[in-house]
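What follows is one chain in structure tokens, specifically the form predicted on its own.
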Amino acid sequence: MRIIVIGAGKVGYALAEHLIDEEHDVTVIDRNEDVISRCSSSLDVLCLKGNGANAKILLESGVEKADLVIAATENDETNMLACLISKRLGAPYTICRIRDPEFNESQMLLQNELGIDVAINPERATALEISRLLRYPFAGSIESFAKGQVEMVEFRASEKDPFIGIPVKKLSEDIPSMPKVLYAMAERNNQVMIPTGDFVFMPGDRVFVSGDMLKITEYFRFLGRNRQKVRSVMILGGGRISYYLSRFIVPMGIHVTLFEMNQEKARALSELLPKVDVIWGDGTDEDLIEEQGLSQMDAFISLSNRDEENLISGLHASRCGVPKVIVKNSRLTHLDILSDLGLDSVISPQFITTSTILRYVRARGNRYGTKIERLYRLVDGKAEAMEFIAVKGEPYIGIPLKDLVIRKGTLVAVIVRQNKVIVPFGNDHIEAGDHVVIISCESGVSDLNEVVYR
């Protein structure tokens, strides 16, 4: 597809990289000369210097021939105007990054009036992700599929886990009382693997299991992982993510203590969030946060604008014995290092935004096959989970999985049929209307026909 990316900041640049890898024809527009120079030297894209909301620049980029326009500058108004003008000039589909909470209340009206097909709020999406992690504090990450009926939960294996040292194919026989879930994926020494029957888990592995919500709950209860409940949270930084997160978790009965260095912003937050203890002070000051009860907190979340501060604060909270520590990190290249240091829950708004946009891009790129309903990039981008809805008449319909060719490096993880969750084996088959979850160690899959075929 021909895709125009307006704004080549952290999100725009990462997005352009992924789109090129998936063999799309990409044009990048940015006002900054240095940014354009960087894109020209490192990416195989057409670069234009200028305002992406300028009709002349858009026409020069070939907007009337583009399949998709993505507005991802730092300015919401520029993004919305760029989408409006792009639509008027002939672009069939637009994606807009809108971050300001004030626009959130009237988002649907703005989308309809400005010709925005998809609006993405990175900070709100990040806050939602964190709120889910607080509901399951033992997990490193959680993804849900089929309208929440299926969950895939990541956790780190320990020596006490009963499945350690037993081949996957013998788990049901050796531990019959353990609830059956699908061991969808594992990461060991920064290498991602889809476990076969002979695979043996080791302490320290990052394990991904999937199943329906009840089965997942029973499984972690059996492992003794879900005893801890989060009742108190300390947040460093009073940005947009902190605002959205507080709005999400306070109604869950969680007490929030929030630190913000800027006095004016702290005052504004205390008015917007009356049930939150907003403290004007430096959340990186170890004496201050310990004075405010850090060691008694159930969770610590570091959301400052500086990755280094988040890292140091997160490590300090972990050392003080806080059970759940979540840190924001903008540099995707650092995720492996943070995991090695013991920080398993690392949140990247950039990563969440690019994954969301890529899902829509792939759905638009495949208009006739079995389209992706949901796409999640996993294990720091080394694998993907995709949800498809099976279409009547496709060649894989009704054929037992053992009689189909399954693409190498992929796994048919879950089938949901009429609200019933099926962990599939060789004799199971796919029917029209099924929600099918695929795990892949490769990127670029956009059609179920690419994964299962005769």
Partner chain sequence: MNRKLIIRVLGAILCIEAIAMIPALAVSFVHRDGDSMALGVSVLLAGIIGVCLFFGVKTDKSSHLRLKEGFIIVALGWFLLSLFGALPFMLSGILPRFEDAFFEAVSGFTTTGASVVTDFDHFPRGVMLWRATTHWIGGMGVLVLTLALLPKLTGRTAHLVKAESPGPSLSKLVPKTGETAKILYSIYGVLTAAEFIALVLLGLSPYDAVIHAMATAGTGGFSNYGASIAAFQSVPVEMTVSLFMFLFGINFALYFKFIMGDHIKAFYRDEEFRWYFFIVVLSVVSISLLNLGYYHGDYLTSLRYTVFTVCSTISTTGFVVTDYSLWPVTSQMIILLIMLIGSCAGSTAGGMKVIRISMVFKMSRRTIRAAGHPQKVEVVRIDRKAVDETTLSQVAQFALMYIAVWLVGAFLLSFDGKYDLLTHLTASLTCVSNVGPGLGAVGPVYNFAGYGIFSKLVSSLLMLFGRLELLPMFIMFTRSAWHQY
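Positions refer to the first chain, counted from 1. Predicted model only: the values in this text are computed from it and were never measured.
Separately, the form predicted together with its partner chain exists; it is not shown, and the next lines address it.
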Is residue 410 close enough to touch its partner chain in the model of the complex, meaning at least one heavy atom pair within 4.5 Å?
-> no
Would you please decide whether residue 428 lies within 4.5 angstroms of its partner chain in the model of the complex, comparing each non-hydrogen atom pair?
-> no
Hey, in the model of the complex, does residue 41 get a heavy atom within 4.5 angstroms of its partner chain?
-> yes
Touches its partner chain in the model of the complex: residue 399 (any heavy atom, 4.5 Å) | no
Candidate spot 25, 60 and 65, all three in 4.5 Å heavy atom range of its partner chain in the model of the complex?
-> yes
Note which of 35, 45, 404, 391 lies within 4.5 Å of its partner chain in the model of the complex, where distance is taken over heavy atoms; exactly one does.
-> 45
One stretch from 26 to 34, 391 to 399, 415 to 423, 66 to 74 that, in the model of the complex, holds residues within 4.5 Å of its partner chain by heavy atom = 26 to 34
